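A single chain, nothing else alongside it, follows as structure tokens in the form predicted on its own.
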Amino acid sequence: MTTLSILVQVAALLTGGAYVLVVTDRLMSSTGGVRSALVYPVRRLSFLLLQPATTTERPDFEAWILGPALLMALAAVGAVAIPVAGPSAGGDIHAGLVLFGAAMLIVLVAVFIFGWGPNSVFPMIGGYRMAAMVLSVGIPFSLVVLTTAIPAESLSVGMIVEAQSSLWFVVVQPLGLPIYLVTAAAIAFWGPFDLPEGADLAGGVVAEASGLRLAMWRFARAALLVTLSLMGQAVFLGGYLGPILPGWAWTIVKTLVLLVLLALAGRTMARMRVQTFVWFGWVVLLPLALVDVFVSGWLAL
């Protein structure tokens, strides 16, 4: 595949997945019905685009604009490493797992500079909250993702998918997917881990955002969740492997399953306090991730 076709494929996946995520989240949060949920993303986007952009005293406009753009770019970079339809469908690179992990951890930078940009107290506190969160879950997140490379003996996402031709890794590494989903939701500051945008901070990093800037930020976060779901289904659920349906169809179905689970968690679980989350990351998630590494290594040997 050419570079242009890969970029078009990634853009279509992120846009379509973001739309499905917003619709699903709307269905779970309101009683307006399916029709209202289907038009909600378009109506909300139109409102934000027509809304006049507000500003603050002496903001850092460059950082304020760079935040959403960087977040969207990181979602796209992470998605490029994931093969959608097959091992030769393009987009798969030799060290794709490393590229994905690096892109997801740099999300911290995007959120922090977006909170720094408006030169306001609450957005800045939201940025510092994101730093505490990523420092708490970054190691468990990286460990469970890299653990899938042990049985595949490769850092290529395509090779990891092919290694699951007989059995998905979610079966042989039962701790991997639950830890991955929890840490992925935290990196995307979604649901119970939506601390950088907490209501106690009047919106946190988005407290001063409006108009096009806020629309770009919302879309970038939804795209980030899509990328995280794409990688989750690739390294734990066999990716494009499956009977009857073509590979791209299995990728879409499995990704939607993880997106629905994340949307459901976002509407059913209570938001954690920052102190509780930091304790949870270091005391619970990190030891469980190490157990997952040891078990996977033992099975590989």
Partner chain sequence: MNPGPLSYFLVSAFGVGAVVSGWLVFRTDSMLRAAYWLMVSFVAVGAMLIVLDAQFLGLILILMMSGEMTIMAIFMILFMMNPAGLNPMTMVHQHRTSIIAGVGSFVVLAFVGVVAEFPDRPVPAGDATVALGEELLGRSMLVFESAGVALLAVMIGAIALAAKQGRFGDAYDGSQEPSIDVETEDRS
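Positions refer to the first chain, counted from 1. Owing to the predicted nature of the structure, the values given are computational and were not obtained by experimental measurement.
Separately, the form predicted in complex with its partner chain exists; it is not shown, and the next lines address it.
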(request) Give a yes or no on whether each residue among Thr54, Leu195 and Trp217 has a heavy atom within 4.5 Å of its partner chain in the model of the complex. (result) no
(request) Report the stretch among 36 to 44, 241 to 249, 254 to 262, 55 to 63 that approaches its partner chain in the model of the complex to within 4.5 Å, counting heavy atoms only. (result) 55 to 63
(request) Could you tell me which one of Val80, Leu105, Ala207, Ala163 places a heavy atom within 4.5 Å of its partner chain in the model of the complex? (result) Leu105
(message) Which residue, Tyr180, Phe112, Phe169, Trp190, is the contact with its partner chain in the model of the complex, using a 4.5 Å heavy atom cutoff?
(response) Phe112
(message) With a cut-off of 4.5 Å between heavy atoms, is Tyr128 one of the residues that contacts its partner chain in the model of the complex?
(response) yes
(request) Decide whether Ser120 counts as a contact residue for its partner chain in the model of the complex under a heavy atom distance cut-off of 4.5 Å. (result) no
(request) Mark Leu290 yes when one of its heavy atoms lies within 4.5 Å of a heavy atom of its partner chain in the model of the complex, and no otherwise. (result) no
(request) Answer with yes or no whether Gly203 is in contact with its partner chain in the model of the complex, where contact means some heavy atom within 4.5 Å. (result) no
